[in-house]
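We begin with a single chain expressed as structure tokens, specifically the form predicted alone.
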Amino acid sequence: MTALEDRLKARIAATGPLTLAEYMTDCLLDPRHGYYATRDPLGAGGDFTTAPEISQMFGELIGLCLAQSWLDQGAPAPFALAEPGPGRGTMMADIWRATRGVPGMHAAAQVHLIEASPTLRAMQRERLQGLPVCWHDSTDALPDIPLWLVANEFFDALPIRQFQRDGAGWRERVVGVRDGALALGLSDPAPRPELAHRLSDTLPGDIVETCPAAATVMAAIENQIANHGGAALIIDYGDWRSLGDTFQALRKQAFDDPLAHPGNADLTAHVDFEALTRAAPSLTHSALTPQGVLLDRLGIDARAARLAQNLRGPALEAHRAAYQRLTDTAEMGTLFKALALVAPGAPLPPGFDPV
């Protein structure tokens, strides 16, 4: 039993069951025992690997997409080039390298990273030496200038709540203690006005997930883009509308019981992309686009062929495997989706279709 598990059980004994959002927040962000506060979770030695860590092609193509969007909106200066949850800083480094030939872009760009983990901030400082970087605790702190933002596997780690339909009401799934162990339970049924629109497409027993923190982040992004221009690219696993239990844990590159190792496993849930657009109603959003389709439209085939020219043997095989992992429908190509948001009347970034 970990120190964090002891604290969670004591809290439950004192004040009652925790919502999943409360449980996730403590497990991921507790200053002393939280998952993100105490380790580098990425790569072969971590618990999961993100697209930018798989291949430089991902960040390069996303960077050029952002650059073209910036040019299409008149190349405003200065502007914020922002990334929430930037991991080791790998994608921002690739974006910066890929856009160095875009006239005026680097002179106009201010890099803003939203990062809560001291461990990851230290790695980002090392990776991004020489870049004009500012760090923030939340998107609310971004400057009042045009914003080009990319969020890759950020929203999936925000704390969720789960509600199970019971007639015309809902029971919340909560974390309690049963027989000395953390266990899931259900609250009493109650109406949920914020879920009234889900009564038409769910049945009794169905589970719907909400993410209050995502709505707060999207409101800040909406305010920046609506008032100053720019674009937001959101890339994550999930679908247009939440339905079913997607709460999961990853530990040592394998799925784990989300209640088994609090503070020592990554906790995530699939992203409800429709909810993100509902939280930013004044922005125009694109059609939801599979990651493989987006990368194809942005030219990954040509980029992969160019990089392959100088590779041989195991390096070439690893390159081909990375390409397949990013784009194949059986891997990340379909599971991961992309969404773009811009101010009304602004052109969508390249690779994205209108709704």
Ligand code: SAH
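Predicted model, so just to flag it, every value in this text is computed and none were measured. The first residue of the sequence shown is number 1, and the count goes up from there.
The protein also exists as the form predicted in complex with the named molecule; that form is not presented, and the subsequent description refers to it.
> Can you pick out, from Ala80, Ala157, Leu233, Val208, the residue that has a heavy atom within 4.5 Å of the named molecule in the model of the complex?
After the contact test, the surviving option is Ala157.
> Considering the named molecule in the model of the complex, which of Gln56, Thr50, Thr289, Ser69 comes within 4.5 Å of it through any heavy atom?
Selected option: Thr50.
> Which is the contacting stretch out of 273-281, 161-169, 239-247, 82-90, given heavy atoms within 4.5 Å of the named molecule in the model of the complex?
Looking at the partner contacts, the answer comes out as 82-90.
> So in the model of the complex, does any heavy atom of Tyr323 sit within 4.5 Å of the named molecule?
No - in the model of the complex, heavy atoms of Tyr323 and the named molecule never come within 4.5 Å of each other.
> Using a 4.5 Å heavy atom cut-off, state whether Leu316 contacts the named molecule in the model of the complex.
Judged by the heavy-atom cut-off of 4.5 Å, Leu316 is well away from the named molecule in the model of the complex.
> Using a 4.5 angstroms cut-off on non-hydrogen atoms, would Ala116 count as touching the named molecule in the model of the complex?
Because a heavy atom of Ala116 falls inside 4.5 Å of the named molecule in the model of the complex, the answer is yes.
> State yes or no: in the model of the complex, is some non-hydrogen atom of Glu222 no more than 4.5 angstroms from a non-hydrogen atom of the named molecule?
Outside the cut-off, so no.
> Within 4.5 Å of the named molecule in the model of the complex, which residues of 15-29 have a heavy atom? Give them in sequence order, or say none.
The stretch 15-29, when checked against the named molecule in the model of the complex, contributes only Leu29 at the 4.5 Å heavy-atom cut-off.
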